[in-house]
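Shown below, as structure tokens, is a lone chain in the form predicted on its own; questions about how it binds or moves come after it.
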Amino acid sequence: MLDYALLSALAAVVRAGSFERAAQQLHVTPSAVSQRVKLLEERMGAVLVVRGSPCTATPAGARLCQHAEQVALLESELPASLPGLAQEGPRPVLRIAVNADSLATWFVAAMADMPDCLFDLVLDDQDHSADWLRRGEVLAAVTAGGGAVPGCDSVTLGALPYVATASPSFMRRHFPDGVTAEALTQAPCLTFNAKDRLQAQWLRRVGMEEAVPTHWLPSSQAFIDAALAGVGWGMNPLPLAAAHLATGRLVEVLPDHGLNVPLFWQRSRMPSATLSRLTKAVQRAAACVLVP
């Protein structure tokens, strides 16, 4: 049988990133945390934590951390059906994979709807967030694909609209004769990271297949700021760009050439009332921002 005191120590180290911070969370000494993790590794016959800065889980350690958090989540729900059972222990932690633009536009509202929970968010591109579910490292994810990951349910949320935007000064400098294919090959764009394909998708839709120069900015707010500053053009979520478009501080590179990115909510099928409540909160928050 698994010793859940040892599992809690492992999960604390991995989530906090160090034995010292884990000890603070568990109200024990770092030595005690180290002993518990070492004992669990001896019992499992495998290394569970890669000691470093920060500490990270091995594949076996990650699976045990997820199991520990699932058990903690289910235990936190017992008092609701067993009134005689006192509510003890910390609030449940929900580890969720979400893309940066959803976090910047609507997901925080869903978090606010769950004040009795703590969130451990993993940021990843919507085209790759489902991989976290497949590896069993998160309980739910905002994804770009609707095909349900095995063991999960999938719910359609809507589409996040994007517009190719730039500052008026950028447009005058790089497109004095209009937005042509030749001009686009010279005008720098903005790219979130290597997984971000939105700019490439938009270029294909307007008949461009060539590579263009790019700045790498892994931040939704930096995307807006860089566009406003005339650093480059990029695909910004309409909810973030709308006010700037209305005032003229940003303009569409090519009007009426927006791009809608469908989003889905996938969650583990584990019988959790908390996950069911979170799903409803996510649907409510998404409905306020996403388009059908």
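Keep in mind that this is a model prediction, so the values were computed, not measured. Residue positions are given as counts along the sequence shown, with the first one as 1.
Missing here is the form predicted together with another copy of the chain; even so, the following discussion is about that form.
Only one of 70-78, 189-197, 137-145, 151-159 lies within 4.5 Å of another copy of the chain in the predicted bound form by heavy atoms, and it is 189-197. Contact with another copy of the chain in the predicted bound form, defined as a heavy atom within 4.5 Å, holds for exactly one of Val251, Leu48, Ala226, Val261, namely Ala226.
Annotated contacts: Arg36, Ala60 and Gln66 are all free of another copy of the chain in the predicted bound form [non-hydrogen atom within 4.5 angstroms]. In the predicted bound form, another copy of the chain lies farther than 4.5 Å from every heavy atom of Leu238.
For Pro30, no non-hydrogen atom is located within 4.5 Å of another copy of the chain in the predicted bound form, even though that partner is not displayed. Taking non-hydrogen atoms only, Ala16 approaches another copy of the chain to within 4.5 angstroms in the predicted bound form.
When another copy of the chain is considered in the predicted bound form, Ser169 lies well away from it, no heavy atom lying within 4.5 Å. In the predicted bound form, Ala194, Lys195, Arg197, Glu209, Glu210, Ala211, Pro213, Thr214, His215, Trp216, Leu217, Pro218, Ser219, Gln221, Ala222, Asp225, Ala226, Ala229 are the residues of 194-230 with at least one heavy atom within 4.5 Å of another copy of the chain, listed from first to last.
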